[in-house]
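First, one chain by itself: the form predicted on its own, in structure tokens.
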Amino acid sequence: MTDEFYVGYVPRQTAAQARFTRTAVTVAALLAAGLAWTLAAWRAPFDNSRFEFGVYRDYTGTLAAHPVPSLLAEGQRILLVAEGKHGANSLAARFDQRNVGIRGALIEHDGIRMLEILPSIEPLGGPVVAPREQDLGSVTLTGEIADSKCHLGVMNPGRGKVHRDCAVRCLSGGVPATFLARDETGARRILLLTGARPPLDHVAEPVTITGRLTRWDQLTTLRAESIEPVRE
């Protein structure tokens, strides 16, 4: 036993102590690798989204303030928000139903596009693009309320309880709300909530919303008539 005792200032370990150290280090490394793999597999995958931070491009089209600030351009409706945690409601109201030139950084999620626009908007001439509106009827869906700007790409993931405080600040600043739900087929849907601002204490919590669906070009909105928390 005395021969196997290792003292830290001695240059070499004994053979038995060296074997024990190698075994312990190998086992610890394997356990760490296994834990890392388990955590990576357990973590929810990131959303298919992006934000071209600081990359501003020029866009032209018809600006629409209703139902949410958006630009009708290239056959689609592109959502608009201001810099930071702010919506673009005041900017959109000044140029509603007018052709404009704007500069914005692209935010995109599964084909839904949004621009974080700079304050300068240039009015342009020419015929405006008429919005396309289609009533899809009443629905009752269960899901989660989030803010559209972060969820579409500024944060990833921009949803769930870990993102709740940020979402509340964005919604308070006028960023449009989204409702992340699954329909009767189980397909995941991203709906824009319109009408009155949703109760902030329901953000990132499971809720059931009854309301009316409307399709605006390629976007779908849900005008909430009632919002009820899901009792667990």
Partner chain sequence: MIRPLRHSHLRAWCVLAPFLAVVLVLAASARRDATPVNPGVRWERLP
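Residue numbers count along the first chain shown, from 1. Quick caveat: nothing in here was measured; it's all calculated off a predicted structure.
Not on display, but discussed next: the form predicted in complex with its partner chain.
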{"item": "Heavy atom within 4.5 Å of its partner chain in the model of the complex - residue from L124, L141, I121, V129", "value": "L141"}
{"item": "Stretch from 113 to 121, 142 to 150, 67 to 75, 100 to 108 whose residues place a heavy atom within 4.5 Å of its partner chain in the model of the complex", "value": "142 to 150"}
{"item": "Distance check, A93 to its partner chain in the model of the complex, heavy atom within 4.5 Å", "value": "no"}
{"item": "Distance check, L219 to its partner chain in the model of the complex, heavy atom within 4.5 Å", "value": "no"}
{"item": "G54 within 4.5 Å of its partner chain in the model of the complex, heavy atoms", "value": "no"}
{"item": "Heavy atom of D58 within 4.5 Å of its partner chain in the model of the complex", "value": "no"}
{"item": "Candidate spot R212, R223 and E228, all three touching its partner chain in the model of the complex (heavy atom, 4.5 Å)", "value": "no"}
{"item": "Heavy atom within 4.5 Å of its partner chain in the model of the complex - qualifying residues of 156 to 182", "value": "L180, A181, R182"}
